[in-house]
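Quick setup: one chain, the form predicted on its own, written in structure tokens, and binding and motion questions come after.
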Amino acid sequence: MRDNVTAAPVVDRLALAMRASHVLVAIFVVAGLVFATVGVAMKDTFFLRLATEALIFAGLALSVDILLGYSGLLSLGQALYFGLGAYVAAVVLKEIPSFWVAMGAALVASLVVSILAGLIANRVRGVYFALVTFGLAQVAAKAVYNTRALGASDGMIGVPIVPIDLGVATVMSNSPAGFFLFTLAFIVVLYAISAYLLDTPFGRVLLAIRANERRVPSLGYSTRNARLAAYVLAAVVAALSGALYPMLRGFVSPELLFFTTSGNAVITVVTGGVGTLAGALYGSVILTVLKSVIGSMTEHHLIVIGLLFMVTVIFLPKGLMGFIRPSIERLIGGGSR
């Protein structure tokens, strides 16, 4: 009886934290709609497309947060699935200019590859998991870099503009405002699905694995299956996000698979807030804006980003959203913690 009494507030606290994240994402969506309205009024193209790119990379960061924030797994090779989704979508679109076919192909490819890679990566723990994921991504990047059929080091260009049939409306991938709004909705849907799954007993098992993996089997759960499921979920989120990239830019390059892409995603999550999910969205926007603004001033913008990362780790160890979320929890929870 005593265990049940003490466990109830913990569950309530986790549910409250998730609700607070939903509020943060709702604010993010409102801000996105306001931004799109201003962009259309000013007939801006550059910043709308830049914001769309930030949203696409937010999906990659979200996949990193699923692993790091919930199961405690640091993946240094999440770019493998982001690049996989981008290349599969580009290849399909050049043959069959259909949005849904391209997304379906990216989904299937990410499922197959992540299950196989997950069986390998999940045989190890801690820093070894990070190194294995890093190695898998490097192998994939090198293979793509040396494959002439995929454009080798030059990448693939000439990805066609595609219509996105939503039933009630059709959005063209070259429409700055239309594609921005679609990408915003798409990333929010990925967030909603991830948040829903992580707010179930499955998510509780992942948190238990992060806290003390050795004790989880005594509760009747398989840590191996839970870790693999989290790995596959994160891979699918990254791949589907990556599949939007060639539709935005019209090309793909091996750089999407490089460690820099994975490293930026980790920095994004740490800056936004590990384990908040919403932090991935905010962190991606912050990092993209900094790279654009500071990059226009100096070619040494990576120094500024590195300093930002250091400051965040030292003064805001829970990230920006990790710092803000407790205040929202108190508001929606009636002041109780």
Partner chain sequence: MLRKTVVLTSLLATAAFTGPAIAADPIKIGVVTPLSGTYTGIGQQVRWGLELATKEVNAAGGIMGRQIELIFEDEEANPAVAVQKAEKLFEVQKVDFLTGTVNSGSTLAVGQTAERAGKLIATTVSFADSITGDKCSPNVFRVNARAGQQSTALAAWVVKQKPKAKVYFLGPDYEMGRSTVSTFKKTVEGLGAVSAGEVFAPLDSKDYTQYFGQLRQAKPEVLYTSVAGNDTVRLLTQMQDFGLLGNMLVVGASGTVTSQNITAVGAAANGFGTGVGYSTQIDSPENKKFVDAFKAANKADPDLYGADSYGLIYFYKAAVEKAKSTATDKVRDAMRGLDWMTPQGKKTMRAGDHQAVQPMYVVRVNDGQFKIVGNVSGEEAVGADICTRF
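Residue numbers count along the first chain shown, from 1. Computed from a predicted model, the values in this text were never measured in an experiment.
Here the subject shifts to the form predicted together with its partner chain, a form of this protein not shown in this document.
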(request) Go through G178, P163, G104, G250 and name the one with a heavy atom inside 4.5 Å of its partner chain in the model of the complex. (result) G250
(request) Using a 4.5 Å heavy atom cut-off, indicate which stretch of 110-118, 84-92, 164-172, 138-146 touches its partner chain in the model of the complex. (result) 138-146
(message) Check G72 for me: does it contact its partner chain in the model of the complex (non-hydrogen atoms, 4.5 angstroms)?
(response) no
(request) Determine whether any heavy atom of G32 comes within 4.5 Å of a heavy atom of its partner chain in the model of the complex, and answer yes or no. (result) yes
(request) Consider V285 of the chain shown here, and say whether it contacts its partner chain in the model of the complex, taking contact as heavy atoms within 4.5 Å. (result) yes
(message) Against its partner chain in the model of the complex, would V159 count as a contact residue? Criterion: heavy atoms within 4.5 Å.
(response) yes
(message) With the partner left out here, which residues of 40-76 have a non-hydrogen atom within 4.5 Å of its partner chain in the model of the complex?
(response) M42, D44, T45, F46, F47, R49, L50, E53
